[in-house]
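So this first bit is one chain, no partners, the form predicted alone, shown in structure tokens.
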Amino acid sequence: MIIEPRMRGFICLTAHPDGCEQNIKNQIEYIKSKGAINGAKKVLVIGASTGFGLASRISSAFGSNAATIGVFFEKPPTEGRTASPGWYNSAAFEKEAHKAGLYAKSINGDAFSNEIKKQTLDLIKADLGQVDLIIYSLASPVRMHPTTGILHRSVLKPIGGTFTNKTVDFHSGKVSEISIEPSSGDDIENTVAVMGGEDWKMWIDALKAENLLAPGATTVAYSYIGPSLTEAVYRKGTIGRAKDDLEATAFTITDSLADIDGKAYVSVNKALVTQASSAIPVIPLYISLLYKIMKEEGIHEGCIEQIQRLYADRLFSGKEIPTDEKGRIRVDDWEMRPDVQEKIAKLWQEATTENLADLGDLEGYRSDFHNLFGFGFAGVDYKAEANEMVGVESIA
């Protein structure tokens, strides 16, 4: 079938298998170009099919020759209907990994569930024995709690008062004002249940109980802080409470791993175009201004560049891992540079529908958004028939 992007709001309903494959190849080539990383050799990535999780799996495999197990929840294709982009990403990753002689297996299912945890543990036990790096990169809006059976839904809301600020429809380029009503009822508790640290700790506890963590094992979860411009709706909102919980959980996990000399870290990463961030009001406008400035300064990074730097300069540099006053690894350091933030604050005041194309990098934002779904890559013939029925080689 000929596959074209079909948009509905901040979601693309189609994905291009050949474009997703090209995306994977591009990321692999980038990692190879940066040289070997003396990193972990047996890696579990929970949330491995898109964004930072996918970049982590690629960086581990092609930077450190690691065996990887990826856990994700993606939609396979059916005749005449494409899979989700994460499915095609994982298919392409496994194909390239196997071609390079690397161990790579995947598990498709709800990572919050006891069943998928058990399936993953059984696979590690059978094939790898133990793992020495666990990346936790889930980005789900809902979680069925495996113990209580309660379905929790996260919400993106400020706490304590209505939030009003600018945003942009990145499809049309229209800048407008948006108001978001404050959280109420169980909004905070539900958001923490979905996006906080409880499930991360459940994974680590389950792995440790089965003796599947190698001595000195490291686990890393990903977080975001962001600037004062977005803090009311993000870091000081319901999602911020969940991130606070995630970051506090790192210390709890580290304590629980003391007997094997294990460590848990939260890595604070930069703002990037992801399916999740595209849905957050205000963020697309902020990112389009941020991209313009960081590209002009020569310090722009995508997911793969961020994770390569996290691995090479922080986690596996051979030196003590640098952290901030709250124990977090910071690879948002270039985004949060005072000179960068000052420029964004000035442009924010000036930004309108008429001038945003000049002030910001809205085209770069749109391009990155299309790339998420496999569209817009050089070397792919989007007018040609594509085979939507692509399988992931080793779904366990």
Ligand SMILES: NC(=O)c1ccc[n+]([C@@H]2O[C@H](COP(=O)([O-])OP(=O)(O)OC[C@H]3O[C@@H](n4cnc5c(N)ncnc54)[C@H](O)[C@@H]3O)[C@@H](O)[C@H]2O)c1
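Residue positions are given as counts along the sequence shown, with the first one as 1. Predicted model, so just to flag it, every value in this text is computed and none were measured.
As for the form predicted together with this ligand, it is not shown, yet the points below apply to it.
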- Task: Identify whether this ligand in the model of the complex is within 4.5 Å of every residue in the set S64, L128 and G216, based on non-hydrogen atoms.
- Result: no
- Just one stretch in 179 to 187, 248 to 256, 158 to 166, 268 to 276 has heavy atoms within 4.5 Å of this ligand in the model of the complex, so which one is it? 268 to 276
- Contact with this ligand in the model of the complex, heavy atom within 4.5 Å, among M202, L229, V175, A139 goes to A139
- Message: Given that this ligand is not shown alongside this chain, does F369 nevertheless sit within 4.5 Å of it in the model of the complex, heavy atom to heavy atom?
- Response: no
- Message: in the model of the complex, does G302 come within 4.5 Å of this ligand, counting heavy atoms only?
- Response: no
- Would A264 count as a contact of this ligand in the model of the complex, using a 4.5 angstroms cut-off between non-hydrogen atoms? no
- Flag Q119 as yes or no: does it have a non-hydrogen atom within 4.5 angstroms of any non-hydrogen atom of this ligand in the model of the complex? no
- Item | Residues in 102 to 138 close to this ligand in the model of the complex, defined by a heavy atom within 4.5 Å, in order | G109, D110, A111, F112, S137, L138
